[in-house]
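Shown next as structure tokens: one chain only, the form predicted on its own.
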């Protein structure tokens, strides 16, 4: 059984809820303690929940294309609030229109996200990466 707590939600003015519920069910089934903040979540709400629950990771979803705006500065805000070791993931339709995912991924990695995912991602692969990233942050 996994003992890690993860916070997840849909950032900004985005109200797409179905994927969020799928992620909640998937990670709960995998043994994580999931704190699902739902939709239209601010950066501060993510951070407050992570602090309050002792979360090891924040998983941010954005499907309406404004992820670049909504997600900018989240890593810095986490660090300012004492969450230097937090694993930070983002996924979904992160930009408006069709864009090369490699460029989108690089943009979000440069913003401090540990992993960046397309909507079509295999969740089993995400689960494996999350396990690896949490172990690495914990020192093995």
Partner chain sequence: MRILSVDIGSTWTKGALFGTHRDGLRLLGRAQAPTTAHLPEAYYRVERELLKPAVRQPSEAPAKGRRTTPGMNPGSEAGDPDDLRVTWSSSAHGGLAVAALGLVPDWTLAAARAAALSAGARITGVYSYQLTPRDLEHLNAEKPDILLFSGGTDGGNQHYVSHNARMLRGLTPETVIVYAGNRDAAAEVADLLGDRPMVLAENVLPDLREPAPESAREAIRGVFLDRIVEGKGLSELVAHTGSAPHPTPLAMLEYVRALGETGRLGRFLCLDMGGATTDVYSHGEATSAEQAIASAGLPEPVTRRTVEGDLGMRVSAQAAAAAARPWVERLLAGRDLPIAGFDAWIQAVQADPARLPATPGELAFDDVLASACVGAAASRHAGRIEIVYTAHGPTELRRGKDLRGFSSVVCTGGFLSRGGDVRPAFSIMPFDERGRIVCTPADARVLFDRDYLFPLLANARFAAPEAAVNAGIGALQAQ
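Numbering follows the first chain given and starts at 1. What you see is a predicted model; the values in this text were computed from it and never measured.
Just so it is clear, the following notes concern the form predicted in complex with the partner chain, a form of the same protein that is not shown.
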- Message: Would all three of 40, 49 and 52 be in contact with the partner chain in the predicted bound form, where contact means some heavy atom lies within 4.5 Å?
- Response: yes
- Does any heavy atom of residue 45 come within 4.5 Å of a heavy atom of the partner chain in the predicted bound form? yes
- Item | Touches the partner chain in the predicted bound form: residue 87 (any heavy atom, 4.5 Å) | no
- Would residue 13 show up as a contact with the partner chain in the predicted bound form if we use heavy atoms at 4.5 Å? yes
- Partner proximity in the predicted bound form: residue 81 to the partner chain, non-hydrogen atom cutoff 4.5 Å: yes
- Query: Which of 111 to 119, 96 to 104, 28 to 36, 67 to 75 has heavy atoms within 4.5 Å of the partner chain in the predicted bound form?
  - Reply: 28 to 36
